[in-house]
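Quick setup: one chain, the form predicted on its own, written in structure tokens, and binding and motion questions come after.
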């Protein structure tokens, strides 16, 4: 028997607009179990509740901060089990912060290399291009 929900529920398009999450991404989150499957109308359309909206907003904000699907799953698992440990969330946040700092350091190194390559370029119409030469240089690999 099909479960019919409250007519004030959100169809998938409205949920997408409210959260800024693509419709296909919402379906993907359902498929992998981050989002619970919603009730359906007699016509088979998904009908999301305010709790779905809150959860999807949480996922979106977490993704915007760079948390992985696995990290989000872990955080939501704590919420779902009513076993949220501020200490555990803090530990996860510090681990994520360390990873972000590592990425920033790697990007700064990349920036330095690209600046050096660009500085060698005369921007002329000569056949020799220092940027291309640098990219072909196997010693720098």
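Everything numeric here is computed off the predicted structure, so don't read it as measured data. Numbering follows the first chain given and starts at 1.
The same protein also has a form predicted in complex with the DNA, omitted here; what follows describes it.
Every member of the trio 25, 46 and 68 reaches the DNA in the predicted complex with some non-hydrogen atom inside 4.5 Å. Only one segment in the set 49-57, 99-107, 78-86, 28-36 has residues whose heavy atoms sit within 4.5 Å of the DNA in the predicted complex; it is 28-36. When the DNA is considered in the predicted complex, residue 117 lies well away from it, no heavy atom lying within 4.5 Å. Interface residue remark: residue 14 is counted as part of the site for the DNA in the predicted complex, having a heavy atom within 4.5 Å. Within 4.5 Å of some heavy atom of the DNA in the predicted complex lies at least one heavy atom of residue 40.
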